[in-house]
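Only one chain comes next, encoded as structure tokens, the form predicted alone.
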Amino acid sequence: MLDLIEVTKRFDETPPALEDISFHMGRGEFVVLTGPNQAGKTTLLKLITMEETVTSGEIIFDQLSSRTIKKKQIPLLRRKIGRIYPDFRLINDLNIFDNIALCLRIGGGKENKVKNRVHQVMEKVGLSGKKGWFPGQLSAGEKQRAACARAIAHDPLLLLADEPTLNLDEKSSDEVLRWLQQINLLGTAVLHATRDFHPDQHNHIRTIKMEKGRLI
């Protein structure tokens, strides 16, 4: 489903942000991408979604290649990917239901199907009773669960979770990790980028380690 082949990313004449990165992810796989701050994890995720362009090498996602993809195809690629961020990125003046529904409505979904899907994903993450609440009324853990629901509402092939527990307490972190694993069990591949790696929380999950823009 996802192949990175000798991927390098340079922003200027300084050392590369990423250098010769190669790995493969299969459909439905859960992979942890771990490394310290400035290791290049977020840059790598941005290359997968083509928010940034590859300097050299190639990324292939669901048969779409960074070398040959046309600009008009990039929205199609991104519709197959869900994103979770450390700062939640919820819209404060929309309630949680509308935050989750937004990407489905932008995609042209019929309103009855949008409502049914939003109810489903809110129930999955334990927020079914808070559809009318606004982000400011939720705890940090609830905000991240709402962000998880938004990320999977369009049933993506791949979920990119960028430091999803960075701003959470231990209990909320455990809840979010559990939701990620449950999402994965339903068939969505998960690439979880984190500097805070605990092997006991990721039993039997493949781990890719990064440091200073390289795999180690």
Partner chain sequence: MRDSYLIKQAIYGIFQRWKANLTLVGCLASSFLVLAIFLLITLNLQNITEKLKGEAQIEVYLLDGITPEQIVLLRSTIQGYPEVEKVIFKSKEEAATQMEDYLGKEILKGLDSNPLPASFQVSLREEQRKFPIISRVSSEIQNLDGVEEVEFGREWLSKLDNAWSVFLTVDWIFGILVTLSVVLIVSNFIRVTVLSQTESIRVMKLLGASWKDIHLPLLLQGMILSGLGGLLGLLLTRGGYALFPIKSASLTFLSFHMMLGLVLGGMILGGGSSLWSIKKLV
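Rigid core here is just the name for the largest C-alpha set that superposes within 1.5 Å across the two forms. Note that the coordinates shown come from a computational prediction; the quantities given were computed from them, not determined experimentally. Positions refer to the first chain, counted from 1.
Missing here is the form predicted together with the partner chain; even so, the following discussion is about that form.
Residue Arg78 is the only one of Lys124, Arg78, Lys131, Arg117 with a heavy atom lying within 4.5 Å of the partner chain in the model of the complex.
Relative to the partner chain in the model of the complex, residues Glu6, Arg10 and Leu47 are all farther than 4.5 Å at every heavy atom. Contact annotation: Asp62 falls outside 4.5 Å of the partner chain in the model of the complex, judged by heavy atom distances.
When the partner chain is considered in the model of the complex, Asp174 lies well away from it, no heavy atom lying within 4.5 Å. Contact check for Asp155: every heavy atom lies farther than 4.5 Å from the partner chain in the model of the complex.
If you take 107-139 and check each residue for a heavy atom within 4.5 Å of the partner chain in the model of the complex, you get Gly108, Gly109, Lys110, Glu111, Phe134, in sequence order. The Cα shift for Lys131 between this form and the one not shown, taken after rigid core superposition, is 2 angstroms or larger. In the core-superposed comparison between this form and the one not shown, Leu94 has its Cα shifted by at least 2 Å.
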